[in-house]
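First, one chain by itself in C-alpha cells, the form predicted on its own.
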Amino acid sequence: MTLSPEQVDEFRENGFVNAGRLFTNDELETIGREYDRLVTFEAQTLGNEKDGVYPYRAMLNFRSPALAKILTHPAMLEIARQLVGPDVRFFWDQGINKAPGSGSPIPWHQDNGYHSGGCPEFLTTWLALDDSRLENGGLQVLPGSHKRGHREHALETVHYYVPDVDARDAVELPARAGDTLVFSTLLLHQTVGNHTSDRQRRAWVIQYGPADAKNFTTDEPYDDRPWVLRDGTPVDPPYAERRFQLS
C-alpha cells in the first residue's frame, strides 16, 4: 500500500489522511480476535464511573506474537517510509475500546502531550476495527493544527489535554471498519463518548518515529524503541539498542 501524492499532500497540509483498507479480511480477523482477548474491562479501564469507563491496554505487541507481526506489515512500513523517512523506529501501540455506554471523553490533546520532555513529531496510525462516528465515540480533529508545533498540556486524572481549545473549525474524522487513519502526533484531536447502546468503537493505535529522534529536554535518544526500517529496508527482526521498560 502506497499513499498517492495527493494523500501525502493532504497529510502535510491537514495533519491527517485516511489511508483506507491496508489489511486483508483474514488479517483483520486475527487482529480483532487478539484485540478482544487483550482489551477488556477486566484487564484495564480508563474514564470515570459517572460517564462510563472504557477498556484500554498499552503495548499489545508485547502480549501477542500475532499483533507484533503487524508492526512490520509491508503496508504499515511503506506509509512510515513515505511520511517519516527511510530510518524508522516503532514507538508505541495501544488499544482503546469506546464500548457501548462508555461515555467518558478523551479531551483535546496532541499525542505528543503524553510524553515527558520535548518529544519530537511522530506518526500515529489508528486502525478502526469498527465503523467510527461521533455518536459511537469517534474522532474529532482540528485540520492544520499540527503546523503550530507542541502545545502546553495540563493533566486531569490520567488525561493530558490542551486547555481552552478554539474548536470552531473542528471536523469529524470518520472511519469504516478496516480503515487506517494516519495523523501527526502534533495534530489536535479528541474522542467523544460512545452514547450508543449497541455499537462498539474499537481502535488500535500504532506509532512510528524517526530513528535518530531525541528528547529535546533530556537529549536522550529513543534507542529503546526497535528499528523497523533502515535505509528504507525492513529490519527483520526489529531490534533496539536498549531494553524498553513498560511500567
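Remember, it's a predicted structure, so these values are computed and weren't measured experimentally. All residue numbers refer to positions in the sequence shown, first residue = 1.
Form predicted together with a small molecule: not shown, discussed below.
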message: Taking any heavy atom pair closer than or equal to 4.5 Å as contact, tell me whether residue 142 reaches the small molecule in the predicted bound form.
response: no
message: Is residue 90 near the small molecule? Define near as a heavy atom within 4.5 Å, in the predicted bound form.
response: no
- prompt: Though only this chain appears here, would residue 106 touch the small molecule in the predicted bound form if you measure heavy atom gaps against 4.5 Å?
  reply: yes
- request: Give a yes/no on whether residue 203 approaches the small molecule to within 4.5 Å in the predicted bound form, heavy atoms considered.
  value: yes
Heavy atom within 4.5 Å of the small molecule in the predicted bound form - the one residue of 170, 177, 134, 96 that qualifies: 96
statement: Here the chain appears without its partner; judged in the predicted bound form, the stretch of 67-75, 146-154, 161-169, 98-106 with heavy atoms within 4.5 Å of the small molecule is 98-106
